[in-house]
Structure formats: C-alpha cells, structure tokens
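Listed next as structure tokens is one chain, alone, in the form predicted on its own.
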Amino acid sequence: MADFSLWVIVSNLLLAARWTIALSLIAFVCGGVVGLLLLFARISGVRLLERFVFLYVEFFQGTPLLMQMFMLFFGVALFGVEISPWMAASLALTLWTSAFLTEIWRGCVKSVPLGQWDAADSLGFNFVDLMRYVILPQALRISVPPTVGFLVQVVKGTALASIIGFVELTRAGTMINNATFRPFLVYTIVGLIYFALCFPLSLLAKSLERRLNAAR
C-alpha cells in the first residue's frame, strides 16, 4: 500500500477538480450557445426546424448521458476517427446540456404572456425584433434561477467522463483509492469537493429566484 498522507490525497483530488470545473464550464458555455440556437429554431414557426429540435431534445433527454459518451468515444472510432476522452466528454456534455437548456428556456419564453406576443405582432415586429426587444428581456428574468440550478446537474454529470478514461475528480479518486486502499477516506473527500462545488450554485439559484420574484 502506498504511503499517502492526507494532504497528498487532498491536493491531488483538488488538482483533478480543476478538470471537473473546466469540463463543466465548457459544457455549460458551449451547450448554452447551441441551446440558444436550438431555442430560436424551436419557436421559429418553421415546421421542419421545430420537428428537428423536438427529436433532438427527446433523444438527448431520453437516453442516458453515459450511453451518449460511449457512442461518441467508441462509436466514432468505428469510422476510423480517433477521439480523445476529453473531446468525447466535452461533446457529449455539450449536446446533453444544450437539449436540457433548450427546454428550460423554451418554457421561460412560453411563459411570457400571450398579450406581449400579440402586441409586438400588431406593431409589425419581425421575429428578430420580437425576440430582442419584447420576449427575451422578460424571459431572461424567469430563466436565470433554473439555468443556474441546472449547472449543478452539469457538474455532477462530469463524473461519468471517468468511465471513458478522462481523469477528472471521480477518476482521480478511483486511481488514488487503488493506490492507497482507503476508499472511505478518498471517496468522502471526493464527495465533499463535489458538495463544495455544487452547494454554492444551489444557494445562488435559490437566491436569484427570491430576488427576481420580489422584483416582479
């Protein structure tokens, strides 16, 4: 058994946590961009686009994230294309995140009173101006709390990247446990680090929800 002190274990897990944070940010930012584009397509009124986004969302919400990572990491290799665990995890989390954010934001957009849509239409606003000046400013206030809250799910979802060999917090915990044979200590620290990452986000989401509801 390797002689690992508590500080060595904690420091190595904290170093691995950097990759968990980096992967979470990439998934959230890139997924947000893709999700915004899909949102516009979903409410564009173009039947073909709306149908495509509907199927896209249903697929990524209706299948396990782990399976999606397997499909990207192992499935793409069948076509002779090599993809790193980092790239596979980033793509899978981006696509998964975009599907959920699309639905979250669509619900927020649809919650804007119908009278606002009709008033903008009567003023001759085109789709872009309608979104920019009328709908999105109101939907943004509603969407902030659930969007921040969903970031917690993204952070926890990064743990699945360990299955395809990407060394993030969970994978590092497994490697250290294999070297130290101290599973209770190692995974307790891993859990506490995840808690330290997710709990402030949960508090932020609840705080934003209270503030924005009070402002309304």
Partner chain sequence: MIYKLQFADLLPYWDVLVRGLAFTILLTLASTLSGVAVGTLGASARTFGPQWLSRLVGAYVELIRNTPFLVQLFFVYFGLPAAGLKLTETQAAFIAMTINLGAYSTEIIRAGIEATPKGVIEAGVSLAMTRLQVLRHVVLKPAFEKVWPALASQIIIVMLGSSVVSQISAEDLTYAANFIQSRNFRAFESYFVVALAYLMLAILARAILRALGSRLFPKA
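Numbering follows the first chain given and starts at 1. Quantities reported herein were computed from a predicted structural model and do not represent experimental measurements.
Quick note: we don't show the form predicted in complex with its partner chain, though the next part is all about it.
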### Message
Is it the case that Phe70, even though its partner is missing from this view, gets within 4.5 Å of its partner chain in the predicted bound form, heavy atoms only?
### Response
yes
#### Entry: Partner proximity in the predicted bound form: Tyr194 to its partner chain, non-hydrogen atom cutoff 4.5 Å
yes
### Task
Give a yes or no for Glu50: in the predicted bound form, does one of its heavy atoms lie within 4.5 Å of a heavy atom belonging to its partner chain?
no
### Gly75, heavy atom within 4.5 angstroms of its partner chain in the predicted bound form
yes
#### Entry: Heavy atom within 4.5 Å of its partner chain in the predicted bound form - residue from Leu66, Val29, Val46, Ala179
Leu66
### Task
Could you tell me if all three of Ala99, Ser111 and Val144 have a heavy atom no more than 4.5 Å from its partner chain in the predicted bound form?
no
### Task
Output the sequence-ordered list of residues from 42-65 with at least one heavy atom within 4.5 Å of its partner chain in the predicted bound form.
Glu58, Phe59, Gln61, Gly62, Thr63, Pro64
